[in-house]
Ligand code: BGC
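As a starting point, one isolated chain is supplied in structure tokens, in the form predicted on its own.
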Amino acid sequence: MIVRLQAFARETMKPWKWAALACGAVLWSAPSPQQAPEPKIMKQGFGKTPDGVPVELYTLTNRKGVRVSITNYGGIITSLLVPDRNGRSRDIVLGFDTLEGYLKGHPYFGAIIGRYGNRIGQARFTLDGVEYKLAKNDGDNHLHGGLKGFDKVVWKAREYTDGDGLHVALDYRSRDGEEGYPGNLDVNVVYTLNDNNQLRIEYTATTDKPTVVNLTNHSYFNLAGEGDILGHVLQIQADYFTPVDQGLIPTGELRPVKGTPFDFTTPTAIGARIDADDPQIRFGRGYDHNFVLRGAAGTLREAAEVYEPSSGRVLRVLTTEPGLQFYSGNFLDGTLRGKGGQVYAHRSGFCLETQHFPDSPNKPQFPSTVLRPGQTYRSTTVFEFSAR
């Protein structure tokens, strides 16, 4: 048996390894490569709300070292560690180290947005002949669900693992009349991390009265992990965008991007035209606009891709939604200190919010956001990470 092993070793090992075996008394074995981490979910306490409700933090880690932490307060993605082209991981989303940072107020870092993501003009809409008045929390307009939207509630959470990956499922009942919206709305959001480095978000909702629904996630990304995002190279699969008035409410027009600062049909640095002398740029102080995505809404398709040259990280966004709000962090002003004391300066993060169009309840020409009893709202978004 020993002779056969030695013969096999002589034929298969490099000469220096065979020499070491011949001189020694034991059979050499190659050191095993570093074992890929087993996928796992870790659950831990994340503090309490001011009224004493416990909050939890769930950390999902896949075999390739991608790690995402999600709290059931607001369904917030608090951190997202992704390797660069050299295998070094950094946190690529803006946020805070503790629950207290989120409780003090913030620009929706990482949160689930609802009932209605983005703006509703004049904080009102009419449905089936009934006018509903909403909270005015953005000048005369309603923004991201109101004074206490889905970003500020504690969701019921459970974690589980199956063949599709690691999951955190969140549930919340938005009561009839909450923030002015009609109907009891039962919402389920499932975050899934798989070994293809995809973070999948699946939204479903049902109602007992006609209502409007537009759910999204409001993560701020910085693929370098620090600095501004002007050198990130962005491509959006959209030939049209929805221009806005000075209050950032869509006018109802679908305007071609060609020949404007909004043309990201080919890879373009975010900072290339962000300060162009253009009324739309001035209204948003940069980019804060909805893009009309190519392809059929309801089918999962590519919406955007972002490449960060210094790290090589790539973010690819897929969605079933008809629109994508690209926001370039124009209202970040350095007053917020985030994780590790990092100052979140002007344009230090960007958002790609998959969505229906802003102010759709008041724009019958836009895709409808009405949900009726017996129907199920469904929406899927995938954030896919790689490096090159």
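So that there is no doubt, residue numbering starts at 1 and follows the sequence shown. Predicted model only: the values in this text are computed from it and were never measured.
What comes next is about the form predicted in complex with the named molecule, which is not displayed.
Colleague: Among 53-61, 359-367, 319-327, 339-347, mark the stretch whose residues have heavy atoms within 4.5 Å of the named molecule in the predicted complex.
Modeller: Only one stretch qualifies here: 319-327.
Colleague: With a cut-off of 4.5 Å between heavy atoms, is I201 one of the residues that contacts the named molecule in the predicted complex?
Modeller: No - in the predicted complex, heavy atoms of I201 and the named molecule never come within 4.5 Å of each other.
Colleague: Indicate whether G121 is a 4.5 Å heavy atom neighbour of the named molecule in the predicted complex.
Modeller: Close contact is absent here: in the predicted complex, G121 is far from the named molecule, nothing within 4.5 Å, heavy atoms only.
Colleague: Considering non-hydrogen atoms and a 4.5 Å limit, does the named molecule approach L248 in the predicted complex?
Modeller: Judged by the heavy-atom cut-off of 4.5 Å, L248 is in contact with the named molecule in the predicted complex.
Colleague: How about Y220: is it within 4.5 Å of the named molecule in the predicted complex, going by heavy atoms?
Modeller: Residue-level check for Y220: yes, a contact with the named molecule.
Colleague: Tell me whether D288, F331 and E353, taken together, all sit within 4.5 Å of the named molecule in the predicted complex, counting heavy atoms only.
Modeller: Spot residues vs the named molecule: full contact, yes.
Colleague: Going by heavy atom distances of 4.5 angstroms or less, which of F125, Y73, Y191, Y108 would be at the interface with the named molecule in the predicted complex?
Modeller: Of F125, Y73, Y191, Y108, the residue with a heavy atom within 4.5 Å of the named molecule in the predicted complex is Y108.
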